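The chain below stands alone and is given as structure tokens, in the form predicted alone.
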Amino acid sequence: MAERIVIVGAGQAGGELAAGLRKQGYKGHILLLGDEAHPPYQRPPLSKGFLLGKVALSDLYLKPLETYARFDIEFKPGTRVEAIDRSSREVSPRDGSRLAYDKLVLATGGRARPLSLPGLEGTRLENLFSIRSLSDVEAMRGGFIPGNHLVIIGGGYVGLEVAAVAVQSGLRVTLLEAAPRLLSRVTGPEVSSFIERIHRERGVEFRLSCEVRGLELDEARRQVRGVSLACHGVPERLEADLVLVGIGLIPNTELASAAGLAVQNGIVVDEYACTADPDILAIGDCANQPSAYTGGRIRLESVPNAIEHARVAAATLMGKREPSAAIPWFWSDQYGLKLQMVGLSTGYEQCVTRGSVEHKEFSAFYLKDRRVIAADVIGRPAEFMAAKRLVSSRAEVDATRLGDVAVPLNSIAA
């Protein structure tokens, strides 16, 4: 058994792994390195309750800071690792020290994808934001003044969650999306239309099929004053007090790549979270892993995946072999409405809705070859577990019965 495990990255996956090792009885030294000043914390509330001011900083922490000492986990915040020496089995933080490991786990997460526009290279703008960390939200909060105009670039979950918080805070919001509909990569047109409607009812404006052509800056080139765009070729300019860019995440793979580890849309690992180097594992958002659900490889950006991947890695480090059989699932909150998603709808052939779209309580099931491959459950949390069973069972279903609320969903999943 390893004597010293070094975990690079103190996000959800890294924090879960450190605690999980102790819970499984690991007696060796655990060193958890994080480049932020905080202990591991939850990121999903950043664009929801924390931004709205309803979740305190301390409530974000996965565990109180003293828990790490109690678990005999050495935690070093503010420590950015810059290199891995695989021959000597050491990592090098920015301070020039060298830290030895017997086993190394990369839980480096990802960073917000930046907006790429000519003339903006290397420019740091005071009112242009992304949301990935606590400091991102704290910086953006200053612009959350009633009446200010927030322009959001990107119609994914982060952009929509921030839009919901912003209008509740009295801001005017315009959301720009390149695709013809919202959430087009992850859900069907029925759910996209519903999400667009609930936001429009609250006053959010949209520009779909929209191309962002440029940002207009002030004379000092420190702040954005306007956004130039075109929808269906028709040019438009929007004034902006602040701009949020929510166009996806880039996995932090540079450390692994520089060390000679395979990288392909994430650090390549096997079903046990191991890289080709037997002493190095990778987990969470940064890892590209085999998926029993898809039959191929996948990189997931979600809390459930981070927790599951940490569990798999802890088992591997304890000498067990427990591959993940988990089904991808996600959630979002907007205007107090809970959205739960299970599976991946890519390639679906039929969408069956169940419940009342009008009353904001319905589920959308995505079928392929008469099997449910994914489901979006909106405002019907009691139905979510049955939906998960439907997806995981891969059993054939009758679409008519599936859409009939008089037929218990559990009887279809059985």
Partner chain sequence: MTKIKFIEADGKEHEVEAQEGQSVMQAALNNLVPGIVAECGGFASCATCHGYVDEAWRTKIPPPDAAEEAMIECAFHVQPNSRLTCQIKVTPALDGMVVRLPVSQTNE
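Computed from a prediction, not measured in an experiment: that's the story for all the values here. Residue numbers count along the first chain shown, from 1.
Although it is not shown, the form predicted in complex with its partner chain is what the next lines describe.
Peer 1: Using a 4.5 Å heavy atom cut-off, which stretch among 327 to 335, 239 to 247, 181 to 189, 272 to 280 contacts its partner chain in the predicted bound form?
Peer 2: After filtering at 4.5 Å, what remains is 327 to 335.
Peer 1: So in the predicted bound form, does any heavy atom of Gln340 sit within 4.5 Å of its partner chain?
Peer 2: Gln340 belongs to the contact set for its partner chain.
Peer 1: Going by a heavy atom distance of 4.5 Å, is Pro39 a contact of its partner chain in the predicted bound form?
Peer 2: Because no heavy atom of Pro39 falls inside 4.5 Å of its partner chain in the predicted bound form, the answer is no.
Peer 1: Taking heavy atoms only, is Lys360 within 4.5 angstroms of its partner chain in the predicted bound form?
Peer 2: Close contact is absent here: in the predicted bound form, Lys360 is far from its partner chain, nothing within 4.5 Å, heavy atoms only.
Peer 1: Find out whether any non-hydrogen atom of Tyr26 is located within 4.5 angstroms of its partner chain in the predicted bound form, and reply yes or no.
Peer 2: Because no heavy atom of Tyr26 falls inside 4.5 Å of its partner chain in the predicted bound form, the answer is no.
Peer 1: So which of Val204, Ile307, Val224, Leu208 gets a non-hydrogen atom within 4.5 Å of its partner chain in the predicted bound form?
Peer 2: None of the others qualify; the residue that does is Ile307.
Peer 1: In the predicted bound form, does each of Leu62, Val303 and Phe384 have a heavy atom within 4.5 Å of its partner chain?
Peer 2: All of them do, each having a heavy atom within 4.5 Å of the partner.
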